[in-house]
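So here's one chain in two forms, each on its own in structure tokens, numbered structure 1 and structure 2.
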Structure 1
Amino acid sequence: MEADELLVLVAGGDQKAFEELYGLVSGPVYGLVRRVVRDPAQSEEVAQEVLLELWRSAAKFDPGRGSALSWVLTLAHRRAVDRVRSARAAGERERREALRANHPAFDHVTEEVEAGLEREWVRRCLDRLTALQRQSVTLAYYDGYTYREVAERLSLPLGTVKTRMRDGLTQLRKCLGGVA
């Protein structure tokens, strides 16, 4: 049975279908999460969260918007990105707390300048991409479209969009010093 059919059964509470679907998607989910999160232990945790979310929200799957696998991988990508952002934010909070312990007064001007510099840094890195890469990356990461939706909006094959995204994100990672 295919993932699309299994997901419909899972939406109806079919545990056997979920076991089969789990077997189909757990590997790709972990692989995607691992590439984003990088830490094996956290990747396992995020992958399990995604698969639990899959069980709970299977009814939200709309076959008209794409395949079950792409929907599941979108859930996984979003959850992995959220984990990375959360970890970075926690690290930043700890760093700021340490600074506050040494500097009692909060400096709004410094915070605003740092945020502005970070935005400018990202903007410069985006400007280094080709126009086609920048367009695809912007639609996916700033406007929230899936790769399939980006392909539809640009009237391009999905593979072309994936290639542009991969190349663009590789360039951004290099420009941002490997942090992205």
Structure 2
Amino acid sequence: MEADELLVLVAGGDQKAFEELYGLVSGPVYGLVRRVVRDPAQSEEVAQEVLLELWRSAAKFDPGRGSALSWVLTLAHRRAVDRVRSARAAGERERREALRANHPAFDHVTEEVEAGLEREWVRRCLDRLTALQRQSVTLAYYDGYTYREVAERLSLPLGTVKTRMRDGLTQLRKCLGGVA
């Protein structure tokens, strides 16, 4: 069964459906959170919160507004970013320096993941972006930086970063075309 159908059953309190849904989304959720948060223990905590929230809030999912997986991953990304920012704000300077050292972010992703058809597509499409588009998008999405921080790190004006982010995302959409 697809995630969308399962989520509807989960909204009705179906625990078996949740188990099945867990099988489908836990990998994407955990991997995304882990990529943004980095710390394994904290990643696990955030991923668990997200998955439990999925159970609690399943009734809020509206299939007319997008796929279940998008809904889940949007939520997971927001939570992961919130966590990594509060960790940074709490003064984890060392960690921040370590992140800087990992620049650019995209290279790091390439090392970590295994091959897969969808992955291959996304990676190819990311490769086709200009360097600034790619860095603007990946520093924000994978590393949880605000666009101001991205501008600072790339020594670009704010307006340019906002434009590169938009162009990067729309180019990605065109390149991926019907792949969904």
Partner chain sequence: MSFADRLLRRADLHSLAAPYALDALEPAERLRFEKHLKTCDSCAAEVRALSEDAVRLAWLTAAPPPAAMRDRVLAAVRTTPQESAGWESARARAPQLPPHVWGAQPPPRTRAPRTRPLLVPFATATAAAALVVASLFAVQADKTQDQLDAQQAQASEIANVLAAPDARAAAGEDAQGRTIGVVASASEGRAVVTLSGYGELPSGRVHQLWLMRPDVQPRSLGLFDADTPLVASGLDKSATSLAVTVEPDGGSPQPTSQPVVQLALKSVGFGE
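The term rigid core refers to the most C-alpha atoms you can superpose between the two forms while keeping them within 1.5 Å. Counting starts at 1 with the first residue of structure 1 and goes up one by one along its sequence. The structure presented is a predicted model; accordingly, all values stated were derived computationally and were not measured.
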| property | result |
| --- | --- |
| Either 1 or 2, the form predicted together with its partner chain | 2 |
| Core-superposed C-alpha of Arg166 shifting 2 Å or more between structure 1 and structure 2 | yes |
| Large Cα shift (2 Å or above) at Thr138 between structure 1 and structure 2, core-fitted | yes |
| Core-aligned C-alpha movement of Leu126 between structure 1 and structure 2 reaching 2 Å | yes |
